[in-house]
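Before any questions on binding or motion, here is one chain by itself as C-alpha cells, the form predicted on its own.
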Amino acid sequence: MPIEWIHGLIGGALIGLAGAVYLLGAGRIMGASGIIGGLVDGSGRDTARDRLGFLAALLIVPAILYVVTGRTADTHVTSNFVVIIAAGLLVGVGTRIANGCTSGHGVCGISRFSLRGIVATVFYILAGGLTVVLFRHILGVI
C-alpha cells in the first residue's frame, strides 16, 4: 500500500476521532464552517471559548507537526493566489448554502446516518469533481 494512502487513512481516522471527541465532550457537531460562522455572525457567543480553542488547534497542530518532522505536507496546491482566494470564497459560500461543510455533513453527518448529511455530501463531492474537471482539464487554470 502506498505511504500516501496510509497517511490518508491515519488522517481520516484522526478526523473521525476528533469529531467523536467533540460530539461527546462539547455535545455539538464538529462542523468547521459552523464553528467559524458562529464566531463571525455572533450566533456562537455563548460557546466562543470552545470555538476559539478548536480553531487554535487547527493552526497549532500543523505547526507542531512541522517542528517535529521538519517538513510540510505536499498538498499540490497551485501557487496562483487568485485561484486559491477564489476557491476559498467559493467553499465558504457553498458551506453556507449547504448549511455545513465536509466535517459537519461528511464526517459527522454520515457517521450519524443523517439523510441531510448524506445528501449534502453526495452533492458537494459531485460539485468538487465537476469543478476539477472544468478548471483543471478544460480551462487549465489549476
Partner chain sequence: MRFMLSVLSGGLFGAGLFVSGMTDTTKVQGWLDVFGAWDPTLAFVMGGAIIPMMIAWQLTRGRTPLVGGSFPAPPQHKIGHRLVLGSVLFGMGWGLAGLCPGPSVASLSYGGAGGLVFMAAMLVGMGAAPTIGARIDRIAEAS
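Since the structure is predicted, the reported quantities are computational estimates derived from the model, not experimental observations. Note that the rigid core is defined as the largest set of C-alphas that superpose within 1.5 Å between two forms. Numbering follows the first chain given and starts at 1.
Below, we refer to the form predicted in complex with its partner chain, which is not included among the displayed structures.
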State yes or no: in the model of the complex, is some non-hydrogen atom of residue 94 no more than 4.5 angstroms from a non-hydrogen atom of its partner chain?
-> yes
Can any non-hydrogen atom of residue 45 be found within 4.5 angstroms of its partner chain in the model of the complex?
-> no
Could you list which residues of 120-142 come within 4.5 Å of its partner chain in the model of the complex, counting heavy atoms only?
-> 120, 123, 124, 125, 127, 128, 129, 131, 132, 133, 135, 136, 137, 142
Taking the rigid core as the frame, does residue 111 move its C-alpha by 2 Å or more between this form and the one not shown?
-> no
Using a superposition on the rigid core, decide whether the Cα position of residue 65 changes by 2 angstroms or more between this form and the one not shown.
-> no
Taking the rigid core as reference, does residue 77 move its C-alpha 2 Å or further between this form and the one not shown?
-> yes
